[in-house]
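Form predicted alone, single chain, as structure tokens, below.
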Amino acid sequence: MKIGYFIGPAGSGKSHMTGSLYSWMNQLEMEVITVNLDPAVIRLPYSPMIDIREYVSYDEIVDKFELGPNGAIIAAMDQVALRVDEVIDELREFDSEFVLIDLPGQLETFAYRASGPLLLNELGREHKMAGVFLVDPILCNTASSFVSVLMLGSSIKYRLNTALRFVISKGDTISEERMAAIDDWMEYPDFLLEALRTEPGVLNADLAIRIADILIQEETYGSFPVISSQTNENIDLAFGELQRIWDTEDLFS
């Protein structure tokens, strides 16, 4: 199987991206299933074929351990990790060519806990894994915030130890002017460094510039396609980013 997962900050559009890409692939008669790995989600814009909520009850965890929202999702994800073998068995029953996984909204409860790397490692033992990091355009309003997003995505990639490509979600909400600036930042790194130098209010511009320079030199982010799950504009590009990883033996290309 070829497994693609979606990760990103809360509200970046992971569930909508999962649903939109599934619909697009299904229309092309690809063998594809969806998996929801968020035990706390209330509503989804698609109907997952495998739903972790059937294995782990977030509400029962809240009631049993009297936890708040953050503590409950952490405990729930630990429970998910304990049930991963059952999820893998269910995947085998479907025997689909493609699998799209919708990860929890609070990425820190997945990526920075032991449960996240464990889950992806177990899923990746038998299948090809590829990830898409969703960049919310509201986080790209300034050069410094854009660099912060790159740092977060790079941290997630190395923490999970799987290949990761970047796409900008909610393309219907971003202005042409802002998109042109992001294009320039990625194509001409000197533009990004200059934007950091001239941006007012940056706490430590020299440090930001050094960080940005390291990220640009060391990382491969891809083409940063702009995708809208609301209008389905460029939804095929999300599949293309996943396919580039599936087709290569180098996990970090």
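These numbers were taken from a predicted model, which means no experiment stands behind them. Residue numbers here begin at 1 and follow the sequence given.
There is another form of this protein, the form predicted in complex with a small molecule, and it is not shown here; the text below is about that form.
May I ask you to state whether residue 228 is within 4.5 Å of the small molecule in the predicted complex, using heavy atom distances? It does: once the small molecule is placed as it appears in the predicted complex, residue 228 has a heavy atom within 4.5 Å of it.
Since only the chain is shown here, I'm wondering whether residue 175 would be in contact with the small molecule in the predicted complex (any heavy atom pair within 4.5 Å). Result no; residue 175 lies far from the small molecule in the predicted complex.
Is there a heavy atom of residue 105 no more than 4.5 Å from a heavy atom of the small molecule in the predicted complex? Contact check for residue 105: yes, within 4.5 Å of the small molecule in the predicted complex.
Using the partner position in the predicted complex, report whether residue 157 sits within 4.5 Å of the small molecule, counting heavy atoms only. No, residue 157 is distant from the partner.
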